[in-house]
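Just one chain follows, in the form predicted alone, and it is written as structure tokens.
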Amino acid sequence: MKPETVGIIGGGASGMAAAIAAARCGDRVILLEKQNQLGKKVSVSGNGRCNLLNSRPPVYYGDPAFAREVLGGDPAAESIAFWQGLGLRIRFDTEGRGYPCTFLAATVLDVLKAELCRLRVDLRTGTEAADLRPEAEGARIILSDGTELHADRVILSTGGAAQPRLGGNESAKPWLERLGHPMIPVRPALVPLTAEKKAISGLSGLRVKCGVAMETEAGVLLHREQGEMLFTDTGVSGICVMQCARFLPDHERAILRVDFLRDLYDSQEELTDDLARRARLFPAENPPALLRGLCAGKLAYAVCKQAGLPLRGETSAQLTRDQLKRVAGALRDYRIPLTGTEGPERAQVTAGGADCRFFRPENMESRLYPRLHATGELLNVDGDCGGYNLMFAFLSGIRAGANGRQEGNQ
């Protein structure tokens, strides 16, 4: 293929990767980013440590089959090779999460920007694309100031609606819809959940290791996770909770069922027996004191309250076997009625986006408009926490930029 002019809209993870891949193939690349700097979302990912990839089997939703085709047989190895080609070394933790060896997102941006400069990519920050108009040969990109750019190929890397303060938006949605591309409604994924106050009262700031299961009010299981949960002023957070968020139903109430003592007891009966033993050892204590050594004090009070104990000066010696069973039940099955999510502002990523069936996984090209590509979170692909979303963003950008060609060493 002869060198082309490639216009890339969006200077996030997939846009920068696409620009590097295209420039390495000899193309002239113009990278447009409406924010005043590239990679704002990358700079805060992983709490500033930038979890770039995961060596474990990929976990994706939306269109997971399409994601697997894009990623290829060994996405972790390909990702590592890409980063090493930029001079970045990767460190892995015990969960397979890969980070820059410095554990600093700034290091990631440094090597990306250095390569973009080395390859003489035309970087235009603070430049917003207002419209896109495909033509017989390529497309015209109309900027917000009214000027126009012609590109032989256009790569849409505008991302999703998560974190609008960092540039998250759905700016490409009307362009794709006008061109006939179906869009799957966008919703927050990987986001804290809001809950009824009664179940979380007094617990804000508490972190607990637990198992969680999200169900409809009718008892239909929606998703199950385990890990660390954080109580907040408005609900619950933590990785295990955020990975449930994408399954929250739109028009039906849901309940988060929490097991605070996962794997500590073989049965509910064993736990009840232990509580009875504690009551005999500490007969003058108040009921929440029975849970000392099992959970934090303020959680013990909330558990006893949900179990229906009166908590008006009663002692442990006064508790009946039935009351102890209810306490055991609340410890293993604490109910948190959910009211929604904290929205795209707090989401790490959004679910939904452009229907992947209308794009070619080998180069991210539109099946409706040749020479138009889409990458990353703009597509209906979202992954679990752990580096899966950034890994898909960078590799999908590489596919689009290279456009089926072998990268050179420009």
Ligand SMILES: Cc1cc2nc3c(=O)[nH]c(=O)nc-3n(C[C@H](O)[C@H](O)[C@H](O)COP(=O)(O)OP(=O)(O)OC[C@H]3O[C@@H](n4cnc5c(N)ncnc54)[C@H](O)[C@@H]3O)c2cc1C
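Quick caveat: nothing in here was measured; it's all calculated off a predicted structure. Residue indices: 1-based, along the sequence shown.
The protein also exists as the form predicted together with the ligand; that form is not presented, and the subsequent description refers to it.
Three-residue candidate spot P192, R246 and P249; no residue lies within 4.5 angstroms of the ligand in the model of the complex by any non-hydrogen atom.
With a 4.5 Å cutoff on heavy atoms, G46 counts as touching the ligand in the model of the complex. Interface residue remark: G10 is counted as part of the site for the ligand in the model of the complex, having a heavy atom within 4.5 Å. The closest non-hydrogen atom of N363 lies beyond 4.5 Å of the ligand in the model of the complex. Not displayed here, the ligand is approached by L166 to within 4.5 Å at the level of heavy atoms in the model of the complex. Scanning A354, A351, A347, A67 against the ligand in the model of the complex with a 4.5 Å heavy atom cut-off leaves one residue, A347. Comment: 152-160 is the region of 201-209, 152-160, 228-236, 277-285 lying near the ligand in the model of the complex, near meaning a non-hydrogen atom within 4.5 Å. Residues are counted as partner-facing when one of their heavy atoms sits within 4.5 Å of the ligand in the model of the complex; in 116-146 these are T127, E128, A129, in sequence order.
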